[in-house]
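Single chain ahead, by itself, as structure tokens, in the form predicted alone.
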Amino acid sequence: MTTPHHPLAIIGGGLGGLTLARVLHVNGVEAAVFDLDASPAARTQGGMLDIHEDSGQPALRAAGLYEEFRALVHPGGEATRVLDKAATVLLDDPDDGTSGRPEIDRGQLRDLLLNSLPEGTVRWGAKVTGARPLDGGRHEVTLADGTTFTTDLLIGADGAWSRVRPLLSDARPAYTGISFVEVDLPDADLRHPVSAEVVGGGMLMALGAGKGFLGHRETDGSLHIYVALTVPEDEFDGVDFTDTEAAKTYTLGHFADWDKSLRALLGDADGPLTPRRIHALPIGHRWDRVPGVTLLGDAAHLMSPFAGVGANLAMLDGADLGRALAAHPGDTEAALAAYEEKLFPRGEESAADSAANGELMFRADAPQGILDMFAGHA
């Protein structure tokens, strides 16, 4: 049987990979995208994203989707509240429409990108298990079903545990010292009015030493909450998160002296609790140029979420790579070199900011650090 060949293969159908595919399509270059999910609806896509003026928005302009994006923006979503563990409101910054970081539901943004691509661009249920170099900068990619394909240009947009990254780098993500427990409170105004009031119309940060509640109001009226804990990497190993009530009891034990309105963000949550250990690649992760392969997004510069730039950077990476390839027809290596020249310093700066913000948010006098940061940006 003949091994299929794709001139340009993107591994990963997240925001970065889809932005790349769209920018290439706009410039007359077709790509094949391989995603491990069985379908676009196989799993939820997470909460709200603020799309930045210097990264996500230019990427959407390059993709020709900026106006469609604006139509999906969540009014009021840029509001920000900061509380201490006694639920004292220390900052209440409403959304006056001037901050330049409009909010959008991640799932709606992904659908916008998916629907802008030619039918069949994304191969669903295609889990990549490995890749190896061939001659002339080509690569062979192996899928979980045992099939393989070859490609002239392999792009790893496959996230934290990228199967493409080992072709370029030995780096692996390391635990940052912070873990999340993720919960939801649907139909909050009706079913959870106290929690709805605590969170407000946009983003909530209720912070204390080494822990806190990070929340956001979603476009469907639900509240999406991340319970943050500074704990050892194996802290959750002894917790049965399939037992929701037991997992709540364990997690709430870290907040025994916190105000009951904040504890309710977890205690009143509906559905399962999802534990997430937060990992990051080394700050300044980079690699020597390897013919026929590169990375974007978390595969290239996985960082903690505390600078709020991960999705924006992935989209900008995708747009920059797409434009570089379009600008260097027939000279892939020149395009990749030009792309990586911008990728590396940008990723290093953002990763450093994310790590510093994580320290600042959960330091001993929290939430003073984050208040000082907002005051400095005023």
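This one's a predicted model, so the numbers in the text were calculated from it and none came from an experiment. Numbering starts at 1 and follows the sequence shown.
A second form of this protein, the form predicted together with a small molecule, is not displayed here; the remarks below concern that form.
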- Query: Can you say which of 168-176, 250-258, 105-113, 283-291 gets within 4.5 Å of the small molecule in the model of the complex, counting heavy atoms only?
  - Reply: 105-113
- Message: Just to confirm, with a 4.5 Å cut-off on non-hydrogen atoms, which of A335, L36, L65, A32 contacts the small molecule in the model of the complex?
- Response: L36
- The listed residue (G208, G137, G202, P305) that reaches within 4.5 Å of the small molecule in the model of the complex by any heavy atom is P305
- Within 4.5 Å of the small molecule in the model of the complex, do H74, S195 and L262 each have at least one heavy atom? no
- Using the partner position in the model of the complex, report whether A324 sits within 4.5 Å of the small molecule, counting heavy atoms only. no
- Task: Verify the contact flag for P275: yes if a non-hydrogen atom of it lies within 4.5 Å of a non-hydrogen atom of the small molecule in the model of the complex, no if not.
- Result: no
- in the model of the complex, does D298 have a heavy atom within 4.5 Å of the small molecule? yes
- Using a 4.5 Å heavy atom cut-off, state whether A9 contacts the small molecule in the model of the complex. no
